[in-house]
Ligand SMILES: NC(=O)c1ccc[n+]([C@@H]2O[C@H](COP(=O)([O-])OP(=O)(O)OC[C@H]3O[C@@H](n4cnc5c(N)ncnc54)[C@H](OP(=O)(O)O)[C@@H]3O)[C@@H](O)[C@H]2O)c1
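The data below hold one chain only, encoded as structure tokens and taken in the form predicted on its own.
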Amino acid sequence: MEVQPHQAEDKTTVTVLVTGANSGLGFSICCRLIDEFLFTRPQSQSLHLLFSTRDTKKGDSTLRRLNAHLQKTLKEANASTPGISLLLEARIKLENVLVDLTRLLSVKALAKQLLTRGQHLDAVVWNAGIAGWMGIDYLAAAREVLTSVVQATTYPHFMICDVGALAKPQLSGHGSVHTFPEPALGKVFTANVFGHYMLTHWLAPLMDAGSRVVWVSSPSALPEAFEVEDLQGLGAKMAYESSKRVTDLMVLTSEGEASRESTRTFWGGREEGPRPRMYVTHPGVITTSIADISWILTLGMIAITYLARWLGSPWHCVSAYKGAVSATYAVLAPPDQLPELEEREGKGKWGSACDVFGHERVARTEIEGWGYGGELGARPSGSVPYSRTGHKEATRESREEFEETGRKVWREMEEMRVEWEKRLGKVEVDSASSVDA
């Protein structure tokens, strides 16, 4: 199956897949994609928004809420331009697809569904994930907040991690192509990184050089949270942050020389020119249900997050809709804008920032060991520096170490993919053809 390149201005239907859309950031990304697509793309274009949830009940609920949001947007548009809602509504198609990223057979089933359909994917947004937290160390939280509200809420160290949590066995009750023991998969790592990694590889035939793979990371993807010898973060006390550091390392080195052989096999042998491009974004600091804390603590966190914004933090967007600006930008930016920016200023991490009044914008984020774009001493316009105590400026040595770590991450991810594909078998598309899995 081969997908011919599509130019955004020539397309009549733009297809985008967003994972983890039933609540929080994923739902807000869908809402913002609807809003910005309707008012930035030509009237001749339509958006086919595929949003994923883990089950039908959540999918039905999400569809109702997205339709309610669409109606609200249409009503506001109609107030300024009577009758325009009839034109706008026909340009949006919403569709739920099911996937549980911690279950590779579920990931494979979604891949089969979409490959059988054969519909070109213009962009995917890998947002779904879990935090893997068991609770809060209240004493540590109070100490961090009293010491520095901004740092405590941007780079928290007071969340208690469920260290070593494993995903359920992948092939139990389903049989396996191989009989040797199934290796363990970290629950947070599989949900946040590996499930999406497998899905990207399987869906590659539906993407072309103009397609975008948008990964959602975090401002708290700290270097000390990750050990390259523990790729899955099974021994990490910050498994969520470890998984996001893996995301940063993988995406930012995806076009580098060191990772070339691994990325070539990942994209099915395609050379660099015809491949989709990966981008990494983060939503800043927002309040969602990912922390799974009581409503009283949630209200307290919202108040503290606003306080951090008023104290001058550039990352405290608070609302998920504002936090969705960076991922939405990565999907809907003009075809040549992001590639040209990253070609000129280096490959970077695009974050959702805001001012004290809550006016959001997209800003390059400084990454420890990498800088803003892998270029030493360069600080692109509109970028935001680290404000963390103990932060070190990127050096030639740290840059080289970042690339070498990225190479190791890509190599090990590819080894895991190949091993799991041998266990899972092929993605059977139809009786006449199949996609090697």
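The numbering used is simple: start at 1 and walk along the sequence shown. Note that the structure is a prediction, hence the values are computed from the model and not measured.
The form predicted together with the named molecule is left out here; the points below concern that form.
Although the partner is absent here, Ser218 lies within 4.5 Å of the named molecule in the predicted complex, judged by heavy atoms.
Residue contact check for Ser23: one or more of its heavy atoms lie within 4.5 Å of the named molecule in the predicted complex. The named molecule is not shown here, and in the predicted complex it never comes within 4.5 Å of any heavy atom of Gln151. With a 4.5 Å cutoff on heavy atoms, Arg388 does not count as touching the named molecule in the predicted complex; it lies far away. Remark: of stretches 338-346, 324-332, 202-210, 95-103, the one touching the named molecule in the predicted complex is 95-103 (heavy atom within 4.5 Å).
Contact with the named molecule in the predicted complex, judged by any heavy atom within 4.5 Å, is made by just one of Gly351, Gly233, Gly129, Gly132: Gly129.
Of the listed positions (Ser85, Thr116, Thr288, Thr265), a single one reaches within 4.5 angstroms of the named molecule by any non-hydrogen atom in the predicted complex, namely Thr288. Contact here is defined as any heavy atom lying within 4.5 Å of the named molecule in the predicted complex, and by that definition not a single one of Arg32, Phe37 and Leu70 is a contact residue. With contact defined as any non-hydrogen atom lying within 4.5 angstroms of the named molecule in the predicted complex, the stretch 254-271 contains no contacting residue.
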